[in-house]
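Just one chain is shown here, as structure tokens, and it is the form predicted on its own.
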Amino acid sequence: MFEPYKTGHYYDEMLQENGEPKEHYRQFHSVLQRLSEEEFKEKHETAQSSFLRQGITFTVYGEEGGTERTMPFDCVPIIIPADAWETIEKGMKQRVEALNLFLEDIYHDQHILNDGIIPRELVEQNPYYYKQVSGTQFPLKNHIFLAGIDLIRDEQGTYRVLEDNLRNPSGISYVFQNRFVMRQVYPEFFSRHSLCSLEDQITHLQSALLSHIPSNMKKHTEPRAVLLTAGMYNSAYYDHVFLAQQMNIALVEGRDLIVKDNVVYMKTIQGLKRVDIIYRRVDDDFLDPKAFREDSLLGVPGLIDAYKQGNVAILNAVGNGVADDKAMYTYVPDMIRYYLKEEPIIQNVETYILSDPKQREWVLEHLHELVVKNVGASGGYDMLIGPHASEEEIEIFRSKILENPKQYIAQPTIKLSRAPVYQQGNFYPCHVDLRVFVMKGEETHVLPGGLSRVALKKGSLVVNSSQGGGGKDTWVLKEVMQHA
């Protein structure tokens, strides 16, 4: 069934160089081999139509012919053995703990800046550092309710952190929907595998959310939480609707909220209802036209004053962006050593800071070998992949770097691991990454598996859905697999 699939010089998630499945894929491979090509094709098509029927979509900005699309889905899962997952889980908890301590520090005492561990200008000149919230007391001293940490595997199969997402990480709804569709279409796979379940994960998420009690909330009352969305034209609107429904909280837009005497209320047909916790999926700049962008129609006037007074909790906290841009990423291992006195469990990808003259000079001489990224961009935008770029594209980025070196970083072009995908009647290898979701309240919990993203275009290194990527279900095995 996999002919003429070749692993090549890449680390393959499923197959060894001789074409045999790896130990943790043996049972899945065995079940797959029992299906005829027609049976597998039929299941694949059923899965695609299931996404369409359920309206599982994402939005691509600036596309002709409509912006809303169903999420491309591939029905060959990524399988992670129990011992590998244990390492990932510990590494993610360690990383998020250090990042949270960093955020609490720089918005209060700034020890890490005073001790010279991180350059002061990197924080204070960062566009996502909001002095307006300095000194604000956060419930649980927690800035990160939900983090999305992107992992890749290199040529040796070693997991490395590619990116931290601490503002509004999207995609968690697809984790649940991918599993739902796989269970419906491939019941025979699940009957033969012992997998970590997703069934309790929404409970963990809801519990983490409701643990962020604002300091002025009345004792012995149940907090009222809402999810604040930018609306149906936001690229992650499906995510917003799904999470609000699953956590049983109201989905609201800015116009549904009002601030009176530094207290936030939701407008309802029964009158105003006080709001205690806002899980916002609106960027900082648009949250409050009185505090940030005056032209924002998405936010709530006076919201930041209510926040600073301790009358409402906003999750993730305002100002998290200073900790997750691609320049600050370089310093996360130093944060782990500084705050936790530990070595990082999951390493970064080597990164060059282009504001450093020596590093910049070397990078400019090797642009055709490197990946260059805008520190503030996401979703694969404003990025140069040197080995795949034309001379014209390389010269454009050379000019951008020289004009504004602080705005860019560079990394080696890592041979991202690949996994089999089934598209248009064929199996072929595509690059994958893994977004791991970390939920933090009174306790920290890592959602088992996360969202495997796949670059469905042959040869592409970009896994983002807005750039033609798709998703796979991610299975975490409960125990070491036995032979089928």
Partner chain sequence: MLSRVADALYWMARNGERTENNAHILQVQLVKMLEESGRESVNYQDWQTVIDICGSKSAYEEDYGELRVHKAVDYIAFSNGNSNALTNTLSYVRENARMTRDVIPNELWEVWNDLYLHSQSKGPHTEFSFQDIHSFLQHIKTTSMTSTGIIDSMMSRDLPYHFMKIGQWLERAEKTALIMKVMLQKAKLSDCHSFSEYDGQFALRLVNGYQDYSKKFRLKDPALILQFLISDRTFPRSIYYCIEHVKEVIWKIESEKVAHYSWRMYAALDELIASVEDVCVQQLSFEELEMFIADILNQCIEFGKIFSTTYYLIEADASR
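Numbering follows the first chain given and starts at 1. It should be emphasised that the depicted structure is a prediction, and the values quoted were computed from it without experimental measurement.
The protein also exists as the form predicted in complex with its partner chain; that form is not presented, and the subsequent description refers to it.
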Quiz item: Looking at the partner-bound form in the predicted complex, is residue 423 within 4.5 Å of its partner chain by any heavy atom?
Solution: no
Quiz item: Does residue 48 reach its partner chain in the predicted complex, with heavy atoms at most 4.5 Å apart?
Solution: no
Self-check item: its partner chain contact in the predicted complex: residue 268, any heavy atom under 4.5 Å
Solution: yes
Exercise. Please check if residue 251 has a heavy atom lying within 4.5 Å of any heavy atom of its partner chain in the predicted complex.
Key: yes
Quiz prompt | Stretch from 253-261, 211-219, 347-355, 313-321 whose residues place a heavy atom within 4.5 Å of its partner chain in the predicted complex | solution = 253-261
Quiz prompt | The unique member of 128, 107, 238, 186 whose heavy atoms fall within 4.5 Å of its partner chain in the predicted complex | solution = 238
